[in-house]
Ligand SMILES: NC(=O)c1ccc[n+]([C@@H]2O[C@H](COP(=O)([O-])OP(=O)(O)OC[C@H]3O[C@@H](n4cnc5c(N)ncnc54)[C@H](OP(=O)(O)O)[C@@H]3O)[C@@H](O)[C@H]2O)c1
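As a starting point, one isolated chain is supplied in structure tokens, in the form predicted on its own.
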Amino acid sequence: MTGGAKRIGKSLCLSLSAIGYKIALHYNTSGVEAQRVADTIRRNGGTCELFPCDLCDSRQTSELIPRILKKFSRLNVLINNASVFDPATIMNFDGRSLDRHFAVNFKAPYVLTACFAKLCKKGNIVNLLDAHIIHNKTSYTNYLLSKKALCEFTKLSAVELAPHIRVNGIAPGLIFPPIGAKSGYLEGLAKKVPLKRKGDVTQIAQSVKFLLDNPYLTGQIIFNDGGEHLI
């Protein structure tokens, strides 16, 4: 699980551990939060090992799965959840921001997918996307473009890695507000969503479990967003 210390990643680690999965939790700067997640899992009788890694560093990224395999002899699920989410527009071009978004949101999942396929041979990969990938809102251009690329990569890798590895994606909607958002931010946006409510991290975990349990699904993108992508 990349980015497993906070928000959606934390919830997925706890949920998957509760149904018997051993957790390899990746983090970068959130060491304190990662340790808290690991402690919670262990108190509940589960297994969790921590793996620090800067996904902007290609060398570190390419070494992550080999490091995990030294702790866990069998690795059958990869969840690419880690993400950078900063405002950016085309007119306010920032090369460092563009590089960082693509390094974490697209290149790292690409590298980890390739390593997983070569070393693990079979299993499941789930990529966390965004419900806005079908739209063209430009206030977060670098983020959105990197997630669009990851969406297409999900489909391409599903074709190449079949039949032994299934690759799917989940596009969450209104689950967590951006860091620094005002109180009631999501509730206001939810009024425009067909189901008229925000989502919950437990629903993302349900979608992950569904993808892992159904052996005839690959290349699918589940929009877990209350219908937001339809409007």
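From a predicted model like this one, the values you see are computed outputs, not experimental measurements. Position 1 is the first residue in the sequence shown; the rest follow in order.
The protein also exists as the form predicted together with the ligand; that form is not presented, and the subsequent description refers to it.
- [ ] Please name which of the stretches 161-169, 66-74, 38-46, 52-60 has residues with heavy atoms lying within 4.5 Å of the ligand in the predicted complex.
- [x] Of the options given, it is 52-60.
Open item on the list: Residue-level contact is defined here as any heavy atom of the residue lying within 4.5 Å of the ligand in the predicted complex; does Val84 satisfy this criterion?
Closed with: Within the cut-off, so yes.
- [ ] Would you check, heavy atoms only and a 4.5 Å threshold, whether His229 touches the ligand in the predicted complex?
- [x] Taking the distances in the predicted complex, the answer for His229 is no, it never comes within 4.5 Å of the ligand.
Task: 4.5 Å heavy atom contact, Val104 and the ligand in the predicted complex - done: The answer is yes: Val104 has a heavy atom within 4.5 Å of the ligand.
- [ ] Classify Leu129 as contacting or not contacting the ligand in the predicted complex by the rule of any non-hydrogen atom within 4.5 angstroms, answering yes or no.
- [x] So Leu129 counts as contacting the ligand.
TODO: Using the arrangement in the predicted complex, list in sequence order the residues of 137-159 with any heavy atom within 4.5 angstroms of the ligand.
DONE: Tyr143, Lys147, in sequence order.
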